[in-house]
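As structure tokens, the next two blocks hold two forms of the same chain, structure 1 and structure 2.
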Structure 1
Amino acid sequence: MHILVVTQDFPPDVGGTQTYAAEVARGLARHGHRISVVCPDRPDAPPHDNEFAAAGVHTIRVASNQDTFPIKAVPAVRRLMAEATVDVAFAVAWPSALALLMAGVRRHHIPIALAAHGRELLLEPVRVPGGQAVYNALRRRIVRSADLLLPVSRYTASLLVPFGVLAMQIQIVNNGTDPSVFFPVDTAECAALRAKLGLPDGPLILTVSRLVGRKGVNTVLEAFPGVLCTHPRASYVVAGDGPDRDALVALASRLGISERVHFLGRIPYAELRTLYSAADVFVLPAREARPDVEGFGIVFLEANACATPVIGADTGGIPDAIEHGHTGLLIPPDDAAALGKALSGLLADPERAAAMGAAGRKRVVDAFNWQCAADHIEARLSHL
């Protein structure tokens, strides 16, 4: 098959939808299909594109930002359809499906598969009077018109129900991670990274996240003084950047824990597995702050793949990412006391923590990996 992937989110940009688009494209290419990806252009794209080309993924870059992409992508999609037969189109989120429809894929009788993550189904970005109703109607029409809908979790599937889609249109395919990229790194390498980043010895609690409100990093900071009472040598390390960084740094200062909290900013991809491996526990107590919701949480799988136990909040798609009591723990959202207890409990019981980490790695290797996700998607695309 020639599969046309259209996505406004793609590396070198960082985030879960970007990871999803790149990994699913690579996974489909491993099936021997021809993969063309229409995605936004970035100054640092060329080295990424060389790697994608080596993996059989051909990128077509379009000068655009996130908002203009659905319009700017139209000529590229049209050109591609004129040059070659496209068998199926895959939109990584509904605005990308808009580009496909405007480019006339329906006239060419090309079926459309549409992935769904969460937030994009709830967003209400239009401020002009009456504009949001038009936006909602357009989104509804596009979602309903897809031949196949691929939500990343049971939660995201539930968000599709109000769109009036048919059950037979929906196939839940959970996100994954790559266990050959994320794996347990030996202690010497972890110690070297800790030294390089200036992290002290002692138990290490880690969050990897874009720093936006819904991720709940403030709840970890609020829980951390309690953790320090039982584990005075513990540190809390936050990797990732975003608009909330200054507020979170200020909160740590107000709580008097700045010395034990380390904001690393954005970490190179190559260092992530060592950081996950160095952590005693990974935490991300994301809250549901509609329209901002957690569709799944790939970071839980990345940490688990490095044999690190995880703690998340029982919201959104996180219960699909964490098997409670087996690969990690689910706690109520916005509950610093419950989170503090869960963190202290795992730090105090290294055997239980190690068992959860090992179970998490096995779950990723067995089922929650990108190749499994791409295999499921490929099976459904072949029958469209």
Structure 2
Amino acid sequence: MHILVVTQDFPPDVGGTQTYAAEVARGLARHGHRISVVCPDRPDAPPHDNEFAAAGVHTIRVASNQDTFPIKAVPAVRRLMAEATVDVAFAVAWPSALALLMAGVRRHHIPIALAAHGRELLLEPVRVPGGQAVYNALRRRIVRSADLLLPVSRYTASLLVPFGVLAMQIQIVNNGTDPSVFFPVDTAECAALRAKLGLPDGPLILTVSRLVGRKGVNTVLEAFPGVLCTHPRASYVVAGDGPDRDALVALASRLGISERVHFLGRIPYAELRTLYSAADVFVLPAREARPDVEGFGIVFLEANACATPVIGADTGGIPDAIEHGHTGLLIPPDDAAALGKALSGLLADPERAAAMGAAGRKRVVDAFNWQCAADHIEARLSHL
């Protein structure tokens, strides 16, 4: 098949949807399909495009930002359809599907598949009177126009129901990660990274996240004094940056735990697997704060792939990312007491924690990796 992928989220831009688009495109190419990706242009795109070309993915860059991409991508889509037969069009999010409809894929009888992640289905960005109603109507029309909807979790699938789509149009395909990129690192390398980052010995609790309110880092800080009562040598390490950093640093100070909390800022991607491996437990108790929701939670798979057990809040798509009691634990959102109990319990039972980490690694290798996701998507596209 010649599969046309249209996405406003693509490397070198960074994020979960960008990773999804890139990995699915590469995975589909491995099946021998011809993959053409229409995506925004960026000054640092050429090295990435060379790598995609080597993987069998042809990129067509459009000068645009995220907001203007659906309109500016239309000529590129039309040119591609004029030059070659397209068998299936795949929009990575609903705004990108607008480009497909405006370019006339329906007149060419090309079926449309549409991925769904979460936030884009809830966002209300228009502030002019009556504008949001028009935006909602357009989004609803585009979502309903798709022949196939591919939500990344059961939660995201539930967000599609109010759009009035048929159940037979919805096929859940969970996100994944790459177990050849994220894998357990030996203790010597972990110790070297801890020394480089100035982290003390003792149990290490880790969060990797953008520092915004909905990620729930404040809940971890509120739970941490209780953890220190039973594990006084424990440290809490936060990797990432964002607008809430100063407020979180101030909260740690008010709680009297600053000496045991380490805000590292952004960590180089190449060091992430070592940091995950060095951690005794990974935690991210994200809360639902619509329209900002956790549609899945790829970081849980990354940590699991490094054989680290995980703890997350029972919200959004996180229950698809964590198999409760097997690869990690789910706790109620905004419940510092429950989180403290879960953290202390895993630190006190290293055999159970190790078993969860091993189970998490096996789950990623067996089923929750990007090639499996691409395989599932390919099977569904082939039936359109």
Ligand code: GDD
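Between two forms, the rigid core is the largest collection of C-alphas that superpose within 1.5 Å. These figures come from a predicted structure and were not determined experimentally. Structure 1's sequence is the ruler for residue numbers, which start at 1.
Each of the two structures shows the same chain on its own, and it is structure 2 that derives from the form predicted on its own.
The Cα shift for G256 between structure 1 and structure 2, taken after rigid core superposition, is 2 angstroms or larger.
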